[in-house]
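The chain below stands alone and is given as structure tokens, in the form predicted on its own.
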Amino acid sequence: MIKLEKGFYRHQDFSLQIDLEIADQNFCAILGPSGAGKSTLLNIIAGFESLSSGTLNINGHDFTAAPPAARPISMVFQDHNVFAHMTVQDNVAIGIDPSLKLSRAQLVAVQAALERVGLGHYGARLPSHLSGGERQRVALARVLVRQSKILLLDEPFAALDPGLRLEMLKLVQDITTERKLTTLLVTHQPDEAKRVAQSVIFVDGGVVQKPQQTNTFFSQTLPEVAKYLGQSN
């Protein structure tokens, strides 16, 4: 479980109040207007941003002050997920050991991860020879070898064509189920949340609302949600 209790974040004129619990093995979409703080929420959980006050607990352990590398979390961004000078295989292997000194069993695990994301024959290629969707598959393969139980996705497929974006969402959904992950997806596409998410966190007006079941979220009539969804009063 991810638990942010009495969380408060401030940077210059921007502030965010966070008080929520996210259940294990939950696929949760994070929605809200541009600039509301959706990515900031992920960065706080990942450790790239620090709370001004409050606590972050993961599975009962306090990670409020822990550095990113010490947290049981993997994160995939919209871009910059691969190293241009490294092969696909090494881009995945670095998730196990940055020195790339892997055992035979670890190399087998890297290959298995590439097979799972549909890149089994791409290990020797450089990222410059991959499409945008294939580079994001490399990032997902790295998630698999890291074996973290929490996956954070910050609009990772926003630059992809609609059909490919849906294909990648389905892959993430399947991996979440297979690996029993807790997955948080920032998206600007409400239809994506409807398609894959079990619950929705809405961020608006400096407040991170508590998770709601997806059907409940989209059936409500709160003015700020209706405005975000473009619904008439």
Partner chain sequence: MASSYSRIVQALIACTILAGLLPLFWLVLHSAVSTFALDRSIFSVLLFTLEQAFLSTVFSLALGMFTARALARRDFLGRKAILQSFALPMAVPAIVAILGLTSLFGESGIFPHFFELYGLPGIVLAHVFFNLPMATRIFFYGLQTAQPENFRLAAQLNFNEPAIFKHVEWPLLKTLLPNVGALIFLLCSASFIIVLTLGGASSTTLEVAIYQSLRMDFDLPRALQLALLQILLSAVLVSAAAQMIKAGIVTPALRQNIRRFDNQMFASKLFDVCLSVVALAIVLPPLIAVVAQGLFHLHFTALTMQALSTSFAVALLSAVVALLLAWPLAKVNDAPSQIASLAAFIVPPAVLATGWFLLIFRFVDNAFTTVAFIILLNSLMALPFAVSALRIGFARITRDHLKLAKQLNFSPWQIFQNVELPILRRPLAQAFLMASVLSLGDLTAITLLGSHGIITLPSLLHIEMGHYRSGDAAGTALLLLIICGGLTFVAEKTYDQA
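Positions refer to the first chain, counted from 1. Being a predicted model, the structure only gives us computed values, none of them experimental.
This next part talks about the form predicted together with its partner chain, which is not shown.
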Is its partner chain close enough to Y122, R137 and M168 in the predicted bound form that each of the three has a heavy atom within 4.5 Å of it? no
Sole residue of G47, P190, G54, P33 within 4.5 Å of its partner chain in the predicted bound form, by heavy atom: G47
Answer range among 142-150, 159-167, 114-122, 128-136 for contact with its partner chain, defined in the predicted bound form as heavy atoms within 4.5 Å: 142-150
Should L100 be counted as a contact of its partner chain in the predicted bound form, where contact means heavy atoms within 4.5 Å? yes
How about S74 - does it come within 4.5 Å of its partner chain in the predicted bound form, if we only consider non-hydrogen atoms? yes
Test of understanding: in the predicted bound form, would M86 fall inside 4.5 Å of its partner chain by heavy atoms? yes
Does N43 reach its partner chain in the predicted bound form, with heavy atoms at most 4.5 Å apart? yes
Give, in sequence order, every residue of 111-131 that has a heavy atom within 4.5 Å of its partner chain in the predicted bound form, or say none if there are no such residues. none
